[in-house]
Each structure stands twice: as structure tokens, then as C-alpha cells.
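First, one chain by itself in C-alpha cells, the form predicted on its own.
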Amino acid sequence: MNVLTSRWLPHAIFAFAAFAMPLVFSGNRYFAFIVGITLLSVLWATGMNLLYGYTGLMPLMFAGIAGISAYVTIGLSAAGWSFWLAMLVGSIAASLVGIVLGLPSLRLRGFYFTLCSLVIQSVITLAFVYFVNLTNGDVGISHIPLPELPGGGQLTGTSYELVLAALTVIGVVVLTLLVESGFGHRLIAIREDDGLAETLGINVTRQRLAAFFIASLFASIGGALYAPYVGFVSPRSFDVLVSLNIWLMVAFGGRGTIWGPVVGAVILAPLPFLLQDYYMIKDVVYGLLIIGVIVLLPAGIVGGWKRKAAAGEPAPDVAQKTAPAR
């Protein structure tokens, strides 16, 4: 197996699983819906991982950006726009709004950035509540029409999940290409020491803005597709708890890794649905899983596995010294 094949083999396996699961559960709409929500969660977690895992920023306004895109897409669709054009405009608009709102916080570090993003998320949620003419307030918007297909008809059922699978696979591939590019290396340098990175000539603010815009596209595309898929949105659909859940998926799986957010979303996203009949212990199980990973694998599942694998490999000089002489 050559290097190129081994490098993209996990992506091929993930793509196969992402497209296969909607087909496997096509006969059971409840489980198919869980698969769709999980795919959306993977897309969101992948986007947040670019900021939290590779740039060192914890954006708690992530769900708010998704909500802006969802409401803009719904409004434009109601005005007669094609859903796909409305999604494109809504996603770009939400990403630009997110940059404008987050611009002051991009010069902050660590806890201060997180606190500032929390305030921004709270402001966005309040806007969703009080701009009733645009969002219908806490009552929410229901009976959201499904996206239309180019050849006629509506995107629904298994076809919708396959579209979500395609976008999720594209999102993971895009993240991989970004991380392995010079842009990704600069982001990692900023994450490790932004002061040193700036000394080396890296424009920290510009790189963070670019990362924030790309991650916001992940959030906004997911938000635009979430609204018609679920059929109902309200300000609580995109509040700070949603941002925290996405962050937990990244931390649970392992931030700063390609597959950590995927693993975290696949494990945590279905839990509320699978345990809904056990509401007395649902939150307990959810919390125990998170605490267990934090205690046993502080770097997350994938991050902890990588550290253990790396610790088991001998250093190159040690291996050379212990190699038999020829």
C-alpha cells in the first residue's frame, strides 16, 4: 500500500459508512433521522475543530452563526428564492456577520476570547427572540418547506440524508487539505504560541479571520440544511447550549485531530435520541461518558489513542542504537 493510498484510506472508509448508513436505515425513518442529525453534527464539529483544535479559539457563538444562516435561508425561500440560492446567500451572509461580530474578540486570547464569544452568542440569541417579525420569536417557525430538486419534486427522506452525507464527507476532506497546507501549519503555529508566530512574520489576526470565515461556513451550511430537515426552528435551536454540545463533541473525540470530532459526534449526537425512554438516567450516562474520557484520555478518544501509540514507538536515535550491527 503506497503512502497516498494509506493517507486517504480512512477518508474512503468514512465516505462509505456515511453513504451506507442512510441506505441501511432507510426503512426506519426514526433511525434514519438520527443518522441525519449525526451527519450534521459531524459537519458542525469538523468546522469548530478548525478553530478550537487547530487555531486555539473556542467559539461559543458557533450555533448563533448557524442560526443566522437558517433564518436568512428560511426568509429568502419564503420570498420565492430557490432554496439552494437562498442557502448560498444565507451561508455567506452569516459567515460575514459572524466575522463582524467576532472581529473584536479575535485579538483576544484563551479565556477572554471564549468569554467574548459567549457574550456574542447571548446577543444573537436575544436578537432571535425579540426580532419577532423575522424569526417569530420563541414561538418558532414550523412547517418549513423542504428543498426543491432541480428536476422537480422535493428533497426528502433518504435523499436528504445522502446530501448531508456528501456535504459531511466534503467537509472532512476540506479540513484535511487545509490542515496539511501552509495555511494549516500557520494556524497550528498560532495555536502553540501566537506571540512567537507574530514575531516570525505571521499575521495572526488575518489568519484567524480566514479560519473563522471557513469555520463559519461549516456552521452556516449546516444551519441552513438543519431547518428544513427538522421542520422547526426557534431561538433555542441555536442557543449557547448547542454551541457547548458541539464543543463537547470536539473535546470528547480529540481536538486538533481530523477524526476526533467525527468520533465525538458519532458517539454523542445519537445519545439523546437513543436514551429518550430513559430520561431519568440519560444525562447521567452522557455526563459519565464525558468525565470518563476527560479522566482517562484528557486529549480525547482519538488524541489519547495517538499519544499512546506515539509513546509506544521508540525514538529514532534509540532505534538506531538498539539495531543489530551489520
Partner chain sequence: MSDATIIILLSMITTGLMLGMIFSLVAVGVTIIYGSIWMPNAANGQFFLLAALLLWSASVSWGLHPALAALIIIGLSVPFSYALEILLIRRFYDVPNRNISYFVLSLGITQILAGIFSITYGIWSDQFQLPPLVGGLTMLGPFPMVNNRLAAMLIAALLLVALFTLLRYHRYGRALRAVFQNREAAALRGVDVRAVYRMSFVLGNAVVFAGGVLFACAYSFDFSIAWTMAITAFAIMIIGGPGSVLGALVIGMVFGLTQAAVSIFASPTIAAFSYLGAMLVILLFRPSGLFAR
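Positions refer to the first chain, counted from 1. For clarity, every value in this text was computed on a predicted model and none was experimentally measured.
From this point on, the text means the form predicted in complex with the partner chain, which you will not see here.
> The partner chain isn't shown here, but in the model of the complex which of V123, A78, L96, L149 has a heavy atom within 4.5 Å of it?
Flagged contact: V123.
> Would you mind picking the one in L108, L167, L178, I214 that has a heavy atom within 4.5 Å of the partner chain in the model of the complex?
Looking at the other structure, the residue within range turns out to be L108.
> Using the partner position in the model of the complex, report whether T114 sits within 4.5 Å of the partner chain, counting heavy atoms only.
Close contact exists here: in the model of the complex, T114 approaches the partner chain to within 4.5 Å, heavy atoms only.
> So, G27 and the partner chain: in the model of the complex, are they within 4.5 Å at any heavy atom pair?
Heavy-atom contact with the partner chain at 4.5 Å: absent for G27.
> Would Y286 count as a contact of the partner chain in the model of the complex, using a 4.5 angstroms cut-off between non-hydrogen atoms?
Although the partner chain is absent here, Y286 would touch it in the model of the complex, with heavy atoms inside 4.5 Å.
> Is L60 near the partner chain? Define near as a heavy atom within 4.5 Å, in the model of the complex.
Because a heavy atom of L60 falls inside 4.5 Å of the partner chain in the model of the complex, the answer is yes.
> Would P104, L241 and I290 all count as contacting the partner chain in the model of the complex, using a 4.5 Å heavy atom cut-off?
Each of the three qualifies.
> Counting only non-hydrogen atoms, choose the one of 81-89, 169-177, 150-158, 115-123 that falls within 4.5 Å of the partner chain in the model of the complex.
Only one stretch passes the 4.5 Å heavy-atom test: 115-123.
> Going by the partner chain in the model of the complex, which residues of 213-236 come within 4.5 Å of it through any heavy atom?
Going through 213-236 in order - heavy atoms within 4.5 Å of the partner chain in the model of the complex - there are no hits.
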